[in-house]
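Here are two versions of the same chain, shown separately as structure tokens and labelled structure 1 and structure 2.
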Structure 1
């Protein structure tokens, strides 16, 4: 098969393809078999008419058009492969320019996009690591106590915050409304269940007591049938329960099933977790800022075909998400007051930004020479397999390892930029103070040994496992 290549604009190449006669003949024969099997020719059973008869019956142009359905994709695929154009997973745009006597095809192929980065080393970010406070630790402790709380029966009058076992019958203009038969009800202040004010009416009731009261249903109540009307309730209380929070003891800490045995160890674990969350949050914030800055400062060459193809995926994702909630896409557009053209334009903008963000990170990985060892990839996959999302996934494949390696390379590249550009205010103030101290000869202080740098762990290199999955 013959082909020539022209360089087009916008990172696209045009392949001019001439298909050899033998290949055309092979697909014409396939077309004959398909056509013969679906048409009735007098004197022949379906699929048994010879090719010359079928061609006379339907015409050579018809048979050739049928052959094009398989011939064109095959010829274009072979030409792209032999031209050594790297794959962008974007379908070529194809035009058949001649059918007879020689099949000629023009295929426009998207080339890999290119980004030229600005001087990212001049970027400076002074974001500070959030300091873990005693209040945050105590808040976590309180949540643990809440999760271990019990509800104990009491004989006193109900208070807001108590749990009541009630039977409630509500009527609105003779129609049943929010009935409960021996159910538990948490009497929280400001509760909207079943209507505002219901919980407050239970305050002061005792076990075995009953009460009848009316409540005005708000005009904006979701069920329009009852909105703005008066509900009459008859409530009987079978039991009143008070929340009992467990005391903060070593026994409570040990009962949580972790490897700590004392409250002190529990507080340390909580502090460590909060600090890890703060570090992770700071890194994610810096990554967003760095990628935004890289996109803003870069020059791009991206094929419009790639953007359109990516936009199709964006629209498919939107439609799939809406379908999960049984929402029709056309109704959705009408609801938000947008046209198909508006939605498509937004999808293209989103697709272009998504492509550019990924492109600058991959270009950064090349520029910085970011590399990841096989051991780091294996460790990351082991971490992923421990999560429910990937517990049953087979990640022991070349594709999965390549995807994880790409993700870790991107993260390594971002980390290298963070090391250069992140200059927190606290560190600046400390450096300034240290410089000032050097000017005072009397202020000779014993220097503390530098803390050992922690080895790059799998946790630090933990990737967006969703990306890894999508690359499979």
Structure 2
């Protein structure tokens, strides 16, 4: 295989390839076998006609054409490999310039893009870690109480907020309307179900009581048949139930099934969780901002071919998502009023951005010399395996390890930038606590607290799986 290399514009190289005869012959033979098996030549069974007969029958050009299909990708692949152009996963653009008797191919190959980072060390971000407040904790506890609430039957008159078991007959101009037979009804103030004002009418009723009343159905009622008319209701109350929030006791805390036994422990757990969430959120927003700033400040040389290739991926992703929701692509385009060209152009833009973001992070990793040890990769994989998402997947492959390593490397690189650029202006005392906690862990310890705190670890696993997906 002989080839010469020309540097093209926009991070592309052109390889002029001359394929040696042996290789062409090999592919011609393969082509002959394929063609012979496909066509009927009188006097021969399928696939049994010798080369010269087939060649006479279909013509040498046809065979050559067939041979090109396998020959070109192979020849280009070999040439690219021999030329030491690092892979960019972008298929080269290929043109066959001559093919008989010598096959000559011009292949335009995308070179890995380069980014020149701006002076990112001068960036400054003063986002502060949100301090976990008592109100937040109380809110969470209230939610837990709410979720554990029970409904207890009471003899007293019904109040708003109670749960009533009712049998209700509604009539609108002789037509049945919103009939219920022994159904549970939550009498909430301002409830629109079945019509506004119904809940208020039930107020004061007792177990076993009944009542008849009229309600004006508002003019904007969804069912036009009844809108603006008067409904007559006849309601019997079978039961009145009061919402009973459980007392916040150690027993309640223990009943939640997690490994804590007292209210105090529950509180610290909630506080820890909230803090972990806040930290995670802060880190993510910082990462977002840093990458944005890096993209902003960097200069890029990216092959347009690469962008196009990535855009195809973007489009595929889109279509897969639509397919998941059972939406037809054509309909979708009509629905949002865009043409295919618009969508392709959009995909290109987002592909370019995606590439650039990846690129700056990788360049950054290069720049900061971020490195990840095999043990760290193994630890992360073990952690991922614990999440339900990956539980059944075999992550013990070179590919998975590679992907995880890349993710970790990026994370480490970003962390190092956060260290340099993140300077919260808030009270030093508070900041100190959080930064010392942050600095030391960087990447290593990062995985460990995550292992302890459930929400944080799942959030992390999610974000890393996202990374992994966009990688592909």
Partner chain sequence: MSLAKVLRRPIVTEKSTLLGAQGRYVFEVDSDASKHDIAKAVEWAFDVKVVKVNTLTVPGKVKRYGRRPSKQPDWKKAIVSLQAGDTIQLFEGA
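Bear in mind that the values here come from a model prediction, so they are computed numbers and not experimental data. Numbering follows the first chain given and starts at 1. Rigid core: the largest C-alpha set superposing within 1.5 Å between the two forms.
**Q** So which is the form predicted on its own here, 1 or 2?
**A** Answer is structure 1, the other one does not fit.
**Q** Since one rigid part pivots against the other between the two structures, find the hinge residue among 184, 59, 268, 141.
**A** Among the listed options, 141 lies at the hinge between the two structures.
**Q** What is the rotation of the smaller rigid part with respect to the larger, given in whole degrees, between the two structures?
**A** The smaller domain rotates by 11 degrees relative to the larger one between the two structures.
**Q** What does the CA of residue 153 shift by between the two structures after fitting on the core? Give it in Å to one decimal.
**A** With the cores aligned, its C-alpha sits 3.5 Å away.
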